[in-house]
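This document starts with one chain, in the form predicted alone, laid out as structure tokens.
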């Protein structure tokens, strides 16, 4: 494992922990898109079904279990424990416009037409756009709490580091996965505008406000 993949994994884990701590400490899920979190739970569930069929390493298995467990814990906090604080009126993105096309694409473009491979491909495509309901919610409300922007920053950083990881693996290992790279590029592009606002406003102590 190279340093870019490791730091990418740690950035991903940091994003998840930041979100969970934000909800738990504030006893509120205000500003958090439950729909994005459901999509991420779908991503981890469909991607890590190989937990039942293959063992790579303790690190690999542990991270997969943590990702799955934390994603469902987040969904539980939003839709059950702190449901009264969930802002469903602004979390209105039509997720079927993401899930249905992604599902169709995963059947058409994959490495191997087998159930596990199609589900893995589905998870890669879905992860690329799963953050859209959250970004749409922020755009609709016009602003985001600082802790939420930190979550989004580390999530975007994870994906950017993974892109560098793919480049590293291509040059030093001869490994190339077009599906993962294209999906990663799409996901990183979605974060570009947010990254600019994060650096110019949040890191300078200003409140992040987006045009509605």
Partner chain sequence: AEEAAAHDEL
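Positions refer to the first chain, counted from 1. None of these values were measured; they are calculated from a predicted model.
Unshown form predicted in complex with its partner chain; subsequent notes refer to it.
The stretch in contact with its partner chain in the predicted complex, judged by heavy atoms within 4.5 Å, is 166-174, chosen from 149-157, 26-34, 166-174, 182-190. With a 4.5 Å cutoff on heavy atoms, residue 60 counts as touching its partner chain in the predicted complex. Put simply, residue 140 is far from its partner chain in the predicted complex: not one heavy atom of it is within 4.5 Å.
Not displayed here, its partner chain is approached by residue 56 to within 4.5 Å at the level of heavy atoms in the predicted complex. Of the heavy atoms in residue 86, none are within 4.5 Å of its partner chain in the predicted complex. Using a 4.5 Å heavy atom cutoff, none of 96, 105 and 125 lies near its partner chain in the predicted complex. For the stretch 103-121, the set of residues having any non-hydrogen atom within 4.5 angstroms of its partner chain in the predicted complex comprises 111, 112, 117, 120, in sequence order.
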